[in-house]
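Here's a solo chain for you in structure tokens, the form predicted alone.
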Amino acid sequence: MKFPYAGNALKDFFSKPSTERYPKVKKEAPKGYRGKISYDPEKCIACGMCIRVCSPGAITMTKGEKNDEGQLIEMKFNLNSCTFCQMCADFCPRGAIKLTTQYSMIATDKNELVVSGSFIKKIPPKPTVKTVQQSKAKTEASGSK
């Protein structure tokens, strides 16, 4: 009985492995890697540009009820649908969305792959008669020059 690959098996058994020990030795992501989304609700102005440019529809905005402080806005980024194209981060006027270098996104529950944040969008004050008259006076003054 012949064992044609026994020599190769013995040689490989005593040689250094060609793969890396990933869970034990973490690798740094290369520069420019587009990993997990990071969202900063403090910078967001709820313009909706990220939603418009997201081709898979992975971004949703939920508007809550208006109160004295403003309107509650919640943004959700579903990483199950995300293609990590970085269009949302590129088009965000305030830089509220960034892609990190985190590449290990293992989850047992699909809700673990949802990045969300909420903030209160302040309602602008209603203009009074005095401010309307002042703005008219400014436009008339600038138009007469």
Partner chain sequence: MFDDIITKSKVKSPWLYHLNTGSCNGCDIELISILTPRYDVERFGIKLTGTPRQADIVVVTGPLTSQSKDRALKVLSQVPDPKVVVSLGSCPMSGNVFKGSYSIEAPLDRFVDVDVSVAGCPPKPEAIIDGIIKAIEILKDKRG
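Numbering follows the first chain given and starts at 1. A quick note: this is a predicted structure, and the numbers were derived from the prediction, not measured.
There is another form of the same protein, the form predicted together with the partner chain; it is not shown, and what comes next is about it.
Only one of 74 to 82, 61 to 69, 37 to 45, 87 to 95 places residue heavy atoms within 4.5 angstroms of the partner chain in the predicted complex, namely 74 to 82. Among heavy atoms of R52, none comes within 4.5 Å of the partner chain in the predicted complex. In the predicted complex, none of the heavy atoms of G32 sits within 4.5 Å of a heavy atom of the partner chain. Although the partner is absent here, K11 sits far enough away that none of its heavy atoms falls within 4.5 Å of the partner chain in the predicted complex.
R21 belongs to the set of residues with a heavy atom inside 4.5 Å of the partner chain in the predicted complex. Of all the residues from 98 to 115, those having a non-hydrogen atom no more than 4.5 Å from the partner chain in the predicted complex are Y103, S104, M105, I106, A107, T108, K110, L113.
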